[in-house]
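Below you will find one chain, with nothing else, as structure tokens; this is the form predicted alone, and questions on how it binds or moves follow later.
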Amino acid sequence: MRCALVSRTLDLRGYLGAEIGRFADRIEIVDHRSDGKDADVRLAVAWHPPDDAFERYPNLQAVCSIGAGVDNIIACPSLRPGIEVVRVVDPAQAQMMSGFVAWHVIGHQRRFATYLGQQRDRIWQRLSQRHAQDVPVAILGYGEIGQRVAADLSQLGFPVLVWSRTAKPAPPPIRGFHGPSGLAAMLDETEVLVNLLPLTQETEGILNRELFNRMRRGGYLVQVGRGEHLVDEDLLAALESGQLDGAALDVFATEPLAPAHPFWRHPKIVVTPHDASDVRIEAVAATLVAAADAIGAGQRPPYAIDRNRGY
């Protein structure tokens, strides 16, 4: 089966590297070209494809992302309705994300930022301690990664609340919420908010002034979803007013983050370069092979998304 590599921002052949050789006997990899048609291509690997990318492939049946996010593919104007979009599910990515989130949640609970400031000023002063059970953590998004993060934080003793668009079962003591009314009810109890949502029309700009004002005063934001979820000026206003005590930001609407952006210099913001977690190349390759096998058997590829929902 022929598979095209399609990206305007990344050398996908270099990204996949030696993994290509492991499935070369089953999948023929071809580089994308903008001229002409390629009727033999039935599968593609894509990341931020050009707007007209998929016009070249009249018999394309599925497009695989190289990550859990697929919004950059769904937004491509030439993606026809009948083409499946496949995301990567990697348990190791969920583990890495969980550790990253726990770092920031515990940092807020134990006031590590204050201690770092005291170290710079050579101040020896112990701070009052708070137990994990006194710091409610809410998670927006309860998919594979959200479930791992919730379970690990619960094991650490934090009260964990999770929200999804529709109802999903959550094992006690984790508490589940769904829908607009559920979001409002959850936020009333939230001190630390972790965003793991996919980017859709409904979730764009969800991290805004109204949402921050529903949280407990002095709360904290861990933003590891998509940059477009956050209204930058609303976060800055919430930090200035004290409604939020701090924020950890790993994703941004424009990346790299511009050198002049106020997030870099803000004393209550921790910036990391979209590095909270990553998908292993092996997981991408396994997803690609599974998609090719499914297409060859006339079946829907594993981890194909619901394009109406966007995830």
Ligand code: NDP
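For every residue, the number given is its place in the sequence shown, counted from 1. Predicted model only: the values in this text are computed from it and were never measured.
One more form of this protein, predicted together with this ligand, exists but is not displayed; see below.
Peer 1: Which one, 107, 182, 136, 198, lies within 4.5 Å of this ligand in the model of the complex by heavy atoms?
Peer 2: Checking each option against this ligand in the model of the complex, the one that comes within 4.5 Å is 198.
Peer 1: Exactly one of 283, 41, 68, 269 has a non-hydrogen atom within 4.5 Å of this ligand in the model of the complex; which residue is it?
Peer 2: Spelling it out, the residue with a heavy atom inside the cut-off is 68.
Peer 1: Quick one: which of 87-95, 74-82, 210-218, 111-119 gets within 4.5 Å of this ligand in the model of the complex, going by heavy atoms?
Peer 2: The contacting stretch here is 87-95.
Peer 1: Consider residue 163 of the chain shown here, and say whether it contacts this ligand in the model of the complex, taking contact as heavy atoms within 4.5 Å.
Peer 2: Judged by the heavy-atom cut-off of 4.5 Å, residue 163 is in contact with this ligand in the model of the complex.
Peer 1: Heavy atom to heavy atom, is residue 130 within 4.5 Å of this ligand in the model of the complex?
Peer 2: The answer is no: residue 130 has no heavy atom within 4.5 Å of this ligand.
Peer 1: Flag residue 202 as yes or no: does it have a non-hydrogen atom within 4.5 angstroms of any non-hydrogen atom of this ligand in the model of the complex?
Peer 2: Residue 202 belongs to the contact set for this ligand.
Peer 1: Does the 4.5 Å heavy atom contact test between residue 277 and this ligand in the model of the complex come out positive?
Peer 2: Although this ligand is absent here, residue 277 would touch it in the model of the complex, with heavy atoms inside 4.5 Å.
Peer 1: Within 4.5 Å of this ligand in the model of the complex, which residues of 141-171 have a heavy atom? Give them in sequence order, or say none.
Peer 2: If the 4.5 Å heavy-atom criterion is applied to this ligand in the model of the complex, 141-171 yields 141, 142, 143, 144, 145, 146, 163, 164, 165, 166, 168.
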